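Coming up is one lone chain in structure tokens, specifically the form predicted alone.
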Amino acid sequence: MSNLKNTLREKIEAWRPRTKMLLEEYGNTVIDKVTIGQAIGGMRGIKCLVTDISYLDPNEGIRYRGYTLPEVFKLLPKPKNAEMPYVEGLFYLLLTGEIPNEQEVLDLVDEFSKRRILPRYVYEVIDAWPCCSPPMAMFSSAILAMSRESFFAKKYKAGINKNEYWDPMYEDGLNMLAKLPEIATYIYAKLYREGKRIVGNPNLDVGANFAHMMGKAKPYDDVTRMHFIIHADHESGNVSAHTAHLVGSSLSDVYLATSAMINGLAGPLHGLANQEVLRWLQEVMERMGGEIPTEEELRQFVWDTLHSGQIVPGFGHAVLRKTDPRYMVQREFSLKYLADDPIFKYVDMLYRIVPQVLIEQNKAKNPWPNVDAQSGVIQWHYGVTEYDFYTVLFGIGRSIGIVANLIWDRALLYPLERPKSLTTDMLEEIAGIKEKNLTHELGDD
């Protein structure tokens, strides 16, 4: 058994009494009241999910196991000659809540390398898709196909004790995460590189190997590490994380739950924002004749955009009340490596202009840039110019947090998720705008 698995077992055994006591002694304690607006409006803001993997602080941004993003990037071990931490180190942190040392990370790098080989049938599933197919649909189907490999499904069928559910979920999770870079880059080669695949290097960490298979030189390995880390988790309530939690609550395996997560992430209201920001930026550049405008010219363009009833994509966030720290990590990288890129010059100028304009407009609760305002621009700079593939990159990163959450969901024996629904008639009665339907209750006689 690996050191990580032993550490995780100790964490689980220490944590279970906390969850048990909350259920048995405080299960009726009221957390929050639900309004009709929340019930109709997508359950926004209702406090009814539990995860210890991450928390979205309105003022500090995402916290991974209590650590802010700047702390994560500072404390996690980094490969030699790299600026960004090992992706494997983040996974260790999300699972255990502890910052790993270098040897613990290297052990996990080796563990991922041993599990990275993709079954032949997965390549065949991908190859079966016709050209010009949506990469996210291909990605989802390839992950879904691997359900036949699930240790959890086999153990459950054999009658495993429920207290050990987390163990085969752990094995499935590591097996799947190790294979996602190969799946993604094979899809990329099929769709955009005439099928010319670059074979992976087992001696490289996840970030470096992904860059290698994409055919990108340094510092794209750091771009990959940065991208996967900042997108790894975002609490449980967003569509992708909640979808995985919901499907997993039925005791579906990691592959089934992650495939479902990918489908949710593919929706335009969730995972497509970064490519929409980039598309909007390129449209702005075209309207400006390809020239870098003055700040006053760009300010006027922003005002014209708002007055026309449109939004400035990449600014604002449902929870955050400051600039997204995920944006700032990318901005600092871009100032070092993309300073002369014309698109980044627009991004840099918008960073200084848009928040002031939105404050003057007095409509946005959070006028600051979010993670999507920058991520597509960086990919474009390094030659990944296919918009539709950006969400696949997002999906690899998000899977890291999904796996950590699913393992802990099974470790703490979280039950099947089953909220209760009401009818519109019931809501109208609760609101006092409709009399109780006596005819329906008493009958027509």
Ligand code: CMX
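Please read all numbers here as calculations on a predicted model, not as lab measurements. So that there is no doubt, residue numbering starts at 1 and follows the sequence shown. Think of the rigid core as the biggest set of C-alphas that the two forms share within 1.5 Å after superposition.
The following text describes the form predicted together with carboxymethyldethia coenzyme *A, which does not appear among the structures shown.
- When carboxymethyldethia coenzyme *A is considered in the model of the complex, only one residue from 329, 285, 251, 306 comes within 4.5 Å through any heavy atom, namely 306.
- When carboxymethyldethia coenzyme *A is considered in the model of the complex, only one residue from 132, 199, 128, 269 comes within 4.5 Å through any heavy atom, namely 269.
- Using a 4.5 angstroms threshold between heavy atoms, residue 81 stays clear of carboxymethyldethia coenzyme *A in the model of the complex.
- In the model of the complex, carboxymethyldethia coenzyme *A sits within 4.5 Å of a heavy atom belonging to residue 372.
- Among residues of the shown chain, residue 366 is one whose heavy atoms approach carboxymethyldethia coenzyme *A to within 4.5 Å in the model of the complex.
- Proximity of residue 310 to carboxymethyldethia coenzyme *A in the model of the complex falls within the 4.5 Å heavy atom cutoff.
- Partner proximity in the model of the complex, defined as non-hydrogen atoms within 4.5 angstroms of carboxymethyldethia coenzyme *A, places exactly one of 208-216, 120-128, 313-321, 330-338 at the interface: 313-321.
- The three residues 44, 273 and 358 all sit with a heavy atom within 4.5 Å of carboxymethyldethia coenzyme *A in the model of the complex.
- Along 373-399, a non-hydrogen atom within 4.5 Å of carboxymethyldethia coenzyme *A in the model of the complex is carried only by 394.
- After superposition on the rigid core, displacement of the C-alpha of residue 280 between this form and the one not shown amounts to 2 Å or more.
- Residue displacement note: residue 369 has its CA displaced by at least 2 Å between this form and the one not shown (rigid core superposed).
- After superposing the rigid core, the C-alpha of residue 144 moves by less than 2 Å between this form and the one not shown.
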